[in-house]
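Shown below, as structure tokens, is a lone chain in the form predicted alone; questions about how it binds or moves come after it.
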Amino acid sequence: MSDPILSVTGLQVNYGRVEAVRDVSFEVPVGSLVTLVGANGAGKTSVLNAVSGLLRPRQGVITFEGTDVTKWPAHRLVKAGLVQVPEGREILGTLTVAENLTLGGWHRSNSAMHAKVAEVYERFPVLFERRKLHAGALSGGEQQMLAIARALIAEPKILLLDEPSMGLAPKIVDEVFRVIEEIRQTGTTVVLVEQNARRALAAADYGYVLETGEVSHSGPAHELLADEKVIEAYLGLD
């Protein structure tokens, strides 16, 4: 792999006395799409939350663009270009679509923020059509698009996506993965956490399979898709 934009080494995450992540290490090359897959409870979301500054790891080192960011808070990471779309979308349902998007640019100048909002409206026409509606009135797929669009307002260098297909109809899942590929093609590095292992690996360059808080398999995504042990253990997850 090429030089990583993100490197995670020996990550351990605890919730009190419960060990959610034991010893996870992985690298994300610039411009790539890397996926973390595994069953529920494998530690995927805990890894992402530690990387994005929402959880303080018990042990390990997180390096972003060559800088140790292990102890950085989430807002500082966002300013640096590391942005997460959380599991469950976490949009603000009582605010309008436009207001949700504006919040994505909280750290930017008004002119830069408004220019980026106009750009995401071009990419997501449905959000422009619904810009005056409360976000809670959107369909599940539209809410997911809003969550992704809000993250793009921050102009991420690396975008962390946590279970973007969760709870969505197959046709909408297709659209979400189309958008992810489009984002990746613009040069944004993507880390995808996804329970739909087959779909995630088909979209990715490189994959890591998590099992009970540890990496059990890793390699180029196309090789993992062809690995009989991975197929038997994990590719029924979709």
Partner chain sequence: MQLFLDGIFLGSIYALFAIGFTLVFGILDRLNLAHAAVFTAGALVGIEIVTVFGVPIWLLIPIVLVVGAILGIAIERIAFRPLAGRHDAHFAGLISSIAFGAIILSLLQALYGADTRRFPADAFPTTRVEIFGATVSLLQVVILIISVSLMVVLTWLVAKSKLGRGMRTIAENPHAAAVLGLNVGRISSTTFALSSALGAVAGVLFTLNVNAASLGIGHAVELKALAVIIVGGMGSLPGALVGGLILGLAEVLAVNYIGSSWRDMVAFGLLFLILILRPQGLFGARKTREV
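Positions refer to the first chain, counted from 1. Every value quoted in this text rests on a predicted model; they were computed, and no experiment measured them.
What comes next is about the form predicted together with its partner chain, which is not displayed.
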item	value
Contact residue in the model of the complex, chosen from V179, V30, V61, L54 - any heavy atom within 4.5 Å of its partner chain	L54
Residue (of L133, V126, L103, A80) lying close to its partner chain in the model of the complex, criterion heavy atoms within 4.5 Å	L103
Candidate site K44, T67 and I158: all three near its partner chain in the model of the complex by heavy atom within 4.5 Å	no
Interface membership of H107, its partner chain in the model of the complex, 4.5 Å heavy atom rule	yes
Its partner chain contact at T94 in the model of the complex, heavy atom, 4.5 Å	yes
Distance check, Q84 to its partner chain in the model of the complex, heavy atom within 4.5 Å	yes
4.5 Å heavy atom contact, E90 and its partner chain in the model of the complex	yes
In the model of the complex, residues of 139-154 near its partner chain [heavy atom within 4.5 Å]	R150
